[in-house]
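In the form predicted on its own, a lone chain appears below as C-alpha cells.
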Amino acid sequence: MLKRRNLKFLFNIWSISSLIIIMFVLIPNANILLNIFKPANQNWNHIKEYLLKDYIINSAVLVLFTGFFSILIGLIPAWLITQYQFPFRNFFKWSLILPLAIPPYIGAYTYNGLLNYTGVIQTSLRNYFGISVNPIYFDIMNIKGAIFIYTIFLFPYIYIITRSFLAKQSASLVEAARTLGRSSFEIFWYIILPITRTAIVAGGSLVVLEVLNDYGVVKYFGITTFSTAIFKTWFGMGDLISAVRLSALLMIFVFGVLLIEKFSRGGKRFSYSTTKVRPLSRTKLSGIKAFLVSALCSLIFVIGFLIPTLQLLYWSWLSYAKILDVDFFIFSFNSIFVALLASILIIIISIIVANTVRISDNILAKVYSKVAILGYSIPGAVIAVGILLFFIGLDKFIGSGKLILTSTILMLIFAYIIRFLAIGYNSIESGFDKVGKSFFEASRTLGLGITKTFFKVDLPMIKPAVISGFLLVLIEILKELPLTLILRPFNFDTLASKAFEYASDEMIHEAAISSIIIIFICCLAIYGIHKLGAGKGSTDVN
C-alpha cells in the first residue's frame, strides 16, 4: 500500500510535467556545452589574441567596483531606516526601491543627456552663470560612468535584502552593545556589519549578475565586455562558434562569481536559539542628526529616481507629437502582450515545479529546485545563443527547409521563461514555505487528490505569493534587453528595444516616452509588491 502511494507521488501529472519543464530548461545550456568543442576558426584566434584580455579586464572592473559601491549605498540607508525614526522615514522605506524600476540603459542615456555639452547642466552654467567648464569633467561615457550608472540603479537589490534581514534581527544584540557603552558607529561596524554579511553577499551577487547580463549600458558607452562581444560576434560576424565560446567563458566567469559568493559566506549562520526574538526598536532622531539622515536618503532618491524621471518626462513633453503614432501603439502592445503572456506562463510553470518539489521528498525534486533557478544566473546573451541553437536544430529536425520556429514570438517567450523562471519559482516556493504542509496533509487524509487539494486548499493560501511573483516577473521582462534584441522576430519591437534603438541613434528625446512607460508600469508593480509585503498574511517577496 505504501509503495503504491509512493508511486503515485513519483508518477502523477505534477511530477511528469515538472520533468518535461526541467528538461526544456536544461536544453540551452546543453547546446552551448555541446558546441564548445567544435574546432576554432580564424575569428576566435583573432579574439583570443587581441580582444579577450580587454573583455575580461573590463568585465572584472565593472563587477568589482559596482559591487563595492552598491554595497556601500545599499547598506547604509537599510541600517538607518531599520534603526532610526526620522522625518519621511516611511516614504524613504519604499521609495528607495524605485531606482530598480529604471533599467540601467535608460538611466545611462538620461544622465548622458543631462551632462553632455548641450545638456541642461552645462547649458545652465554657461547661460545663467557665465561659467564654461571643460566638458571632459562631465563625460560619463566611460567605464567610471558605467560604474556610477550600475551602482545608482542596482543598489536597491542590496538595500531590500539587507533591510529585510535587519528588520528580523533581535534588539538584544544592539541593546547589549549600548549597555557596554558602544557608540552608534561601533555597533554598526562590530555587530551589524558581521551579522548582515550573508544578506550583503546575497544582494551583491544579484548586482554582479545584473552587471554581467547587461548589454545596453556597455554598448551605449562603447565599453567592450563579454555581452558586447557576444552580440558583435553573432550579429557583426555571423560567427556562431565564436559566440558560443565567448558564452561559455562568460558562464565560467558567472559560476566563478557564484562560487566566490558561496565561499565568502563560509557556512556562517546567525540564528537564535530562542523563539523570543524581538525586532530592532527604532531610536528617534532629532535636530541635526535627523536632518542629515533625511538629507542622505533624499540625495539617493533624487539621484537614483527623481532626476532621471523628471528629465524623461520633460523629453516626453518635447517629443510626444512626433512619437505617438500607430507604430508606437503597436510596439507598446507588443511589449505588454509578450510580458503578460510570458509572466502568466512562468507563474503556471513555477507553481507546477514548486508544488512537485514540495510534495515529493526525493533527490529528483531537489534537482528540480536547483535547475529551476539556474537561468537567472546565466546572462541573457548566453541564453539567447543556446536557444538559437536549439530552435535552429528543431527547424532542421522538422525538415521543411525553412526557419518555421526560429525568430518567432514562440522562441522569444521560451527564452523569457528560461531566464526568469527563477524569480517566479522563488516567490511561489516562499509562499509554500509559509503555509507549510499541514493543510495539504489534512486534505489528503480526507480523501482529496493532489490536484484538487492544490486548487481548493493551497492556491487560495499562496495567492499573495502568486501575485507578487507575477509582478516581479512582469517588471523584469519589460526591462529585459539582450534577449529581446537577439531573439525578437523581424520587425517586432518592444518598448525596451525601441527605446534602446532611439538612444543608439542619438534620438534621446524620442526614446523618452517608451522609457517613461516602462518606468511607470514598473513603479506600479513595485508599489503593488510593497503593499502585498506590508499586508497581513502576505509572503516575503524579497
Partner chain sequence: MKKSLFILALVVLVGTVSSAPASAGFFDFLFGKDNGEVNLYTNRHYDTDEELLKQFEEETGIKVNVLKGGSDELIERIAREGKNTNADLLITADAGRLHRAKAAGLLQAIDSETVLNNIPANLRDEDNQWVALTVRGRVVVYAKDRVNPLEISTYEDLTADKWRGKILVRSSANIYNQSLLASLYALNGEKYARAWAEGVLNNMARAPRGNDRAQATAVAAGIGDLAIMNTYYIGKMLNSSNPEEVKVAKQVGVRFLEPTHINVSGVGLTKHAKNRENAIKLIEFLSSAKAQKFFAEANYEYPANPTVEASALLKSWGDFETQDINLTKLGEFNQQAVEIFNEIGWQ
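Here the rigid core means the biggest group of C-alpha atoms that line up within 1.5 Å when the two forms are laid on top of each other. This is a predicted model, so every value here is computed, not measured. Residue numbers count along the first chain shown, from 1.
The protein also exists as the form predicted together with the partner chain; that form is not presented, and the subsequent description refers to it.
- At a distance of at most 4.5 angstroms from the partner chain in the predicted complex, all three residues 234, 405 and 506 contribute at least one non-hydrogen atom.
- Of the residues given (333, 91, 439, 189), 333 alone sits with a heavy atom within 4.5 Å of the partner chain in the predicted complex.
- Proximity to the partner chain in the predicted complex, defined as a heavy atom within 4.5 Å, singles out one entry of 141, 466, 174, 303, which is 141.
- For the chain shown alone, residue 221 is a contact residue for the partner chain in the predicted complex, at least one non-hydrogen atom being within 4.5 angstroms.
- The closest heavy atom approach of residue 135 to the partner chain in the predicted complex falls within 4.5 Å.
- Within 4.5 Å of any heavy atom of the partner chain in the predicted complex lies no heavy atom of residue 479.
- Interface residue remark: residue 337 is counted as part of the site for the partner chain in the predicted complex, having a heavy atom within 4.5 Å.
- Remark: of stretches 415 to 423, 93 to 101, 251 to 259, 338 to 346, the one touching the partner chain in the predicted complex is 338 to 346 (heavy atom within 4.5 Å).
- Residues of 372 to 399 that come within 4.5 Å of the partner chain in the predicted complex, judged by any heavy atom, are 388, 389, 392, 396 in sequence order.
- If you fit the rigid core between this form and the one not shown, you'll see the Cα of residue 394 move by 2 angstroms or more.
- Once the rigid core is used as the reference frame, the Cα position of residue 301 differs between this form and the one not shown by less than 2 Å.
- Relative to the superposed rigid core, the position of the CA of residue 50 differs between this form and the one not shown by less than 2 Å.
- By 3 Å or more, the C-alpha separation between residue 162 and residue 462 shrinks in the predicted complex relative to the form shown here.
- Note on residue 392 and residue 229: their C-alpha atoms are more widely spaced in the predicted complex, a change of at least 3 Å from this conformation.
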